[in-house]
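What follows is a single chain, given as structure tokens, in the form predicted on its own.
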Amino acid sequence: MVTIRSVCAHDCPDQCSLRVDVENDRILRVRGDPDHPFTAGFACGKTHHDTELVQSPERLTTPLRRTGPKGAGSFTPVGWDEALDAIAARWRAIIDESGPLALLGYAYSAHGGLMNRGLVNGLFHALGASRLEAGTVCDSCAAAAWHATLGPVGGADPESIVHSDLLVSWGSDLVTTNVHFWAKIAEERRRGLRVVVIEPRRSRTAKLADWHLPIRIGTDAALALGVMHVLARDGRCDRRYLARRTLGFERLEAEILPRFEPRRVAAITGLAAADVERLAMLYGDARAPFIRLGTGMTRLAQGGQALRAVALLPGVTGAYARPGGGALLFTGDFLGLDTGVVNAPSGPRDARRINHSQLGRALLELREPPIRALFVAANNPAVTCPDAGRVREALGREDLFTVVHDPFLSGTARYADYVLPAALYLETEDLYRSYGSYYVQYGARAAPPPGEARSNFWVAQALAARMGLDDPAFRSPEREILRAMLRGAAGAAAAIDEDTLRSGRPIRLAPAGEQSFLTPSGKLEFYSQSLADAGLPPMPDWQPDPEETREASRWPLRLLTGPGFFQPHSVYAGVASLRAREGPPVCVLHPTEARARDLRDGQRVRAANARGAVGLVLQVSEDVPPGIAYVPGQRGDGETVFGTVNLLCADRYSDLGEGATYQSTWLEVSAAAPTTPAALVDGR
């Protein structure tokens, strides 16, 4: 038996360093690496089961060609050469007839590092195809708000929590989604760290906190502004820091904060006015308060305003200047690696851009030219995209040539003309960067993939060769690509030694000193001129959203989604033991809401609105407040009673970053009919 150092590639901020025990090319055990300072020798309850993921009997092991109607999942095995030759021939014909913009490549972050994810996108960049604005379903609103406030910089170092005396988890269930940071927090609590959780439901993290504030969905900006109001009123602002390192607080204080006195904030947020006062007192008294921001609060109509307001709080008290103080959203996008080597090896500087959140609309409505070919890797848009019914309608187009590269026959793959079997991260080598801590790490291949499964990197190079692309990225091995990414690195990454990196040991790239700002002014911007120039509110505010108000008058319950503990997204659907531990896909209602509808715990229910319906199992719990239907995880049709939750969600944009607005969804829940119409199963 040998032990190989690797890195978890699942879409998670922690990026666990792993030790993988292998015998005769078979993975026997996946465990945490004790040499990593942050992930500290343990893997989460999901990654710990990745031996089962790799060895799942549901894995695809040979390329498949469609033989039946789209969506039916009827395929026949073919060889790689036959599949790749057919794909390249079809793409060349489409380019000859309609130009390269008729192609769309789509790779996100399900199970790959920077090379395996990046080179697929680089293939379509080099071809001059339409470009997917990836991430709008997840974090583009949060990122845009952060950039408008602090600029493109990483936030507070999570390892600085050793200096903090207050941790505010704002919109983030850390026990579920950031467990290694929670382990650090738990250790510091023994030394006196206080923990406040602000989120609508009583999550696993909220149950462990010193204080939980069950805020109404979509009112985070009002609460943050209310805290600022009290801090300013009571003389708790750090005026020297505000004058030295920020821009526009005086305008916010004069024009916005007077409207957010505690009684009004209480009416907006559903919290008590006394709790608004208490939160401000706790925050103002803290020497080094640390705010851990979640992206969930931004997945709604006014999400950008919410994150801007919360991210500004450390500026009011000067916490951004102190070790252990400040706020953290992301770290990894700002480390300085030259990812353009794989993401954009050649091709036009710009091309038609397609928003990830409006994939269905684009596939159905774009003209001059229409999208005629789609390639999907490392994602499952039939389940994860908003307005999933429209996405499925688009995927059902007989004239849309679709190729899906996936380890499993996902909901999206069932619509493909060709399905290519994908390797998982333990079966590839790659470079990884965490987005929840300041580490980069190289992960070696632990074992070969099963059957004929191949990595994204291999497939991108094989297709590039058939399409006549000869950029170095499409003909160089991973070692040379890594060297090129380091050669063009800037900032902290420029100091990385290649041999040290290739050893597989984690490399820390945390910034030193107080929080830096890369806004146009070089300061923390309470007032953003760039937002004003774009016709957007230059200062954070909270106002009721007219469209949300209309939806709320029509439907009685507001949707709240979040990651399931054992099934946070569909990547883990291939692990039978994790599916069993998570249980059936559920809709959670407060007892008063269940009684009002004469529904009982464990009953099959139908959650529906004008866009669609999903069949789930009812769970009755006081962990969810009245007025909310909570649906954890993004589970596919094979697990739910029927459908998937994103059939209910519109593809409307958030206020900043053109992000998804999952939480701006209203619905009703009723008993499910004994039989289910086929149209609902199909999501149309």
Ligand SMILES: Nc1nc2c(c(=O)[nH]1)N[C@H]1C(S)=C(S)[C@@H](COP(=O)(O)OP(=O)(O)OC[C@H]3O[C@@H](n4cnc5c(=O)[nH]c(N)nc54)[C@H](O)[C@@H]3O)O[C@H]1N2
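The model shown is predicted, which means the values in this text are computed figures rather than measured ones. Residue numbers here begin at 1 and follow the sequence given.
One more form of this protein, predicted in complex with this ligand, exists but is not displayed; see below.
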Touches this ligand in the predicted bound form: Val196 (any heavy atom, 4.5 Å)
no
Can you tell me if Gln663 lies within 4.5 angstroms of this ligand in the predicted bound form, counting non-hydrogen atoms only?
yes
Hey, in the predicted bound form, is Arg597 touching this ligand, heavy atoms inside 4.5 Å?
no
Mark Arg299 yes when one of its heavy atoms lies within 4.5 Å of a heavy atom of this ligand in the predicted bound form, and no otherwise.
yes
Partner-free chain; cross-checking this ligand in the predicted bound form, the single residue of Trp170, Phe75, Phe517, Phe249 with a heavy atom within 4.5 Å is Trp170
Assert contact residue (this ligand, in the predicted bound form, non-hydrogen atom within 4.5 Å, options Gly315, Gly122, Gly218, Gly304) equals Gly218
Within 4.5 Å of this ligand in the predicted bound form - does that hold for a heavy atom of every one of Ala134, Val342 and Asp471?
no
Per contact check vs this ligand in the predicted bound form (non-hydrogen atom within 4.5 angstroms), the hit among 554-562, 345-353, 250-258, 364-372 is 554-562
When this ligand is considered in the predicted bound form, the residues of 242-268 having a heavy atom within 4.5 Å of it are none
